[in-house]
Every structure is written in C-alpha cells, then in structure tokens.
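Just one chain follows, in the form predicted alone, and it is written as structure tokens.
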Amino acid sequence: MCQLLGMNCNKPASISFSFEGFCCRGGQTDEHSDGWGIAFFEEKGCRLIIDDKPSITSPLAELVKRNPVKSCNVIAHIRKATQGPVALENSHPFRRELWGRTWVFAHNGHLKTFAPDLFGAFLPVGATDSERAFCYLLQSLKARFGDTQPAVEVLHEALQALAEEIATHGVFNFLLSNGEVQFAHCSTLLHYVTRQYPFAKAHLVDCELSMDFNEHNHLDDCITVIATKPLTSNENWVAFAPGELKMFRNGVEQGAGERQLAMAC
C-alpha cells in the first residue's frame, strides 16, 4: 500500500528533513514507486506538486528537497498502486474547493467495494478508490452543512462518522487539510511525533542523515509530523489507535488537554 506524511505547526516550517527520508521509501528502502506528491499551504493558497515517477528518482522530488518551502500544513504521499494505473491523475494528494478554501487529501489503503454516487463539483478525475473517497467526504460535508463551514470541532465529529462509514469498505488511513487544521485518520497504521522545546537531535531511519532541531527552531516552535511509519529512530513516535481521527492545529493535537484532564480526575 501507499505511505503518508503530514506536518502541522504553529509557524511556517520546512519539511525537507522528513521528506528526505520519506522519499527513500519510494523505490529505495520500500516498494512505493508508483508516483508521489506533496501539497504546501501558504495562508489560503496551496502549492501542489505531483509526479507519476518514483520519488527516489524524480527530479521534481529533488527540487522540493533542495528548495524547501515553509508551511504550517503539509501533506505528502508515495504510491503503491492498488486501483487505477500509474498515471499523473492518480497521484496523491488530491485537491478540491469547498467553502471557499482549498482542501487536500491523501489516502493509504484499499477500499474494495466503495462506489458512491457522486455528482457536481465532486467527481473524480482519475480512477482510484482514494479520490472517490475524497469526493464523497466533501460531497457529504456540503450536503450536511450547506454553504458555510461549521466550527472545526463540529467538522471533526462529522468526519469521524464518515471515516467509520467508509472504513467498512476496507483500509482507510488518510490525511486531510484545509490549511487551517489537519485531520489524520488511522484505520490500521499511523504515527505522529511532536517537536517542541527542549528540542533534540533526530536520525532518519531510511538514510544517513541527522538534524539537531535546536539549531533550526525557536523556543516557541511547535511542530507535529505524521507518518505511516516512524521516520526517525530516536524520537518518541506515538501510534494512533485503529479507528482514531485526530485533529491538529498550530502543531498541537486538539482535545488532548481535555482528555488528559478527564483522565486525571
């Protein structure tokens, strides 16, 4: 299957270090060589770069690594095709507009019998189960909430129910962002690590590269990186529970403080 990489932070940051290791999994240290893509949000704008070549040999991937873009929300994907041919239109992330904002989505998994009725602005361009699921998510949200985006907490609840529905058709790990928040759903496998003061030195699993985050971050920086499998060998990556949908904003998992307080009580 495919692999996911996401980043959410309180101030624009570069994902180059994590992306370097992630790209190795696209044909060198793993088999995900059927295309790749990355989306960077900048305020309400979104840069999207996709390629149907393996990330380890893609000149576009090399360009991203050598010319880092700083962003508060990033979603990246490397593909192992299960539905749809290896083609540009089937490369993740996928992008659509809803409620006056750009939404970006990437999926890891296989939805075997998922064929919803889609219409209007939410028709897939390619032939993947992933893009169908994305279109269905946005179409369902539009049908429920109309022309106005609800509060993100309400949106979180609605997405949890939709994710559970779609996951009955197979494996549905995904990342979804509108540039304001990032949602991450685990069906089978997903991890995250939050980097904040005191920062440490990290070592990539997939290549000989290390970074001392003390040299690149300020005391108030808060950065969460999400990945299918941990990218570094010496950080405290946290595994998602199956069926869990987390929401991150400003580098912090939303609702985590309330849950910890309830457990303490």
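All of these numbers come straight from a predicted model, not from anything done at the bench. Residue numbers here begin at 1 and follow the sequence given.
One more form of this protein exists, namely the form predicted in complex with another copy of the chain; it is left out here, but the text below deals with it.
- Taking non-hydrogen atoms only, Cys207 never approaches another copy of the chain to within 4.5 angstroms in the predicted complex.
- A residue is said to contact a partner when one of its heavy atoms sits within 4.5 Å of a partner heavy atom; Asp52 meets this definition for another copy of the chain in the predicted complex.
- Residue contact with another copy of the chain in the predicted complex: Ile223 places no heavy atom within 4.5 Å of it.
- The closest heavy atom approach of Gly84 to another copy of the chain in the predicted complex falls outside 4.5 Å.
- Of the listed positions (Ala143, Ala161, Leu123, Val154), a single one reaches within 4.5 angstroms of another copy of the chain by any non-hydrogen atom in the predicted complex, namely Leu123.
- The contact with another copy of the chain in the predicted complex, taken as any heavy atom within 4.5 Å, belongs to Arg95 out of His110, His191, Lys80, Arg95.
- Contact annotation: another copy of the chain lies within 4.5 Å of heavy atoms from the stretch 43 to 51 in the predicted complex, the single such stretch among 229 to 237, 213 to 221, 43 to 51, 198 to 206.
- Contact residues in stretch 91 to 113 (any heavy atom within 4.5 Å of another copy of the chain, taken in the predicted complex) are Arg95, Arg96, Glu97, Trp99, Gly100, Arg101, Thr102.
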